[in-house]
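Okay, here we've got a single chain as structure tokens, the form predicted alone, with questions on binding and movement later.
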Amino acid sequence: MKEHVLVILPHPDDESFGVAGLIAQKRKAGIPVTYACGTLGEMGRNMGNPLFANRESLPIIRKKELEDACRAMDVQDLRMLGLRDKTIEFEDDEELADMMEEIIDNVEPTLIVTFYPGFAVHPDHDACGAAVIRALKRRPIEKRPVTYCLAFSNNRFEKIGDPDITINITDVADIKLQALKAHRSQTEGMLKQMEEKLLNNDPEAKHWFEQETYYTYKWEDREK
């Protein structure tokens, strides 16, 4: 089967923080990447630093930032799902899974990246990941693509152990930085501090641009 990556995450900038390195490497290898972004992040509280957005302008600004970030990563198939920010958890579970199933069936990916439900901190992250997993469970296990999950809750190591996938992204660190910079309303202030730390070889700052980690979702036997 021809390789194709499908990233399904709820907010503009989720992809740049968590998956930009993987996306950039796949695109450099000529592998198509589809990004399905759930919302426009219109309920976010960051309005730029210095301030340049407001509640009315933020959805338009974040849509443009998302398009710019995808351009930086060379994502040529961006799909905006039109869900409302900070309310995904209140969507009907089956209808949300229907939406994800339609995308999965259309793309037929060999690899999916989403959030690990229950271990992704934000309710939208958990609800998005849960909908993707629910949609995939409708398929026979042998027809489910490899599924990488992002997890960063404090209890993740205790509950699901260490991530089993670590990708060195130093060869595309510049692309990840450009993708993050594209989300100016959300990242400008943070990146100014981070770039200073990078100049000082701060280990925590360097880590952001050296590797990305994922959990391969483990399907339970009863789901076969």
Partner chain sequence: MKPITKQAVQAYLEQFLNKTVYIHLETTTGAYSAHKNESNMTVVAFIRNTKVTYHQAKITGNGPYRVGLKMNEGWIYAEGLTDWVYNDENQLLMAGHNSEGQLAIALQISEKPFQY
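Predicted model, so just to flag it, every value in this text is computed and none were measured. Numbering follows the first chain given and starts at 1.
Not pictured, yet referred to below: the form predicted together with its partner chain.
Exercise. Can you pick the one in D171, E196, E158, E56 that has a heavy atom within 4.5 Å of its partner chain in the predicted complex?
Worked result: Exactly one residue meets the criterion: E56.
Exercise. With the partner removed from view, which of 72 to 80, 99 to 107, 136 to 144, 118 to 126 is the stretch that lies within 4.5 Å of its partner chain in the predicted complex, judged by heavy atom distances?
Worked result: Of the options given, it is 118 to 126.
Exercise. Does each of A130, A205 and Q211 have at least one heavy atom within 4.5 Å of its partner chain in the predicted complex?
Worked result: Judged in the predicted complex, none of A130, A205 and Q211 sits within 4.5 Å of its partner chain.
For this session: Verify the contact flag for I60: yes if a non-hydrogen atom of it lies within 4.5 Å of a non-hydrogen atom of its partner chain in the predicted complex, no if not.
Result: The answer is yes: I60 has a heavy atom within 4.5 Å of its partner chain.
Exercise. If you check in the predicted complex, is M47 within 4.5 Å of its partner chain, heavy atoms only?
Worked result: Within the cut-off, so yes.
Exercise. Within a 4.5 Å heavy atom cut-off, is I175 in contact with its partner chain in the predicted complex?
Worked result: No, I175 stays farther than 4.5 Å from its partner chain in the predicted complex.
Exercise. Hey, in the predicted complex, does L40 get a heavy atom within 4.5 angstroms of its partner chain?
Worked result: Judged by the heavy-atom cut-off of 4.5 Å, L40 is in contact with its partner chain in the predicted complex.
Exercise. Across 71 to 95, which residues bring a heavy atom to within 4.5 Å of its partner chain in the predicted complex?
Worked result: Heavy-atom contacts within 4.5 Å come from R84, K86, T87.
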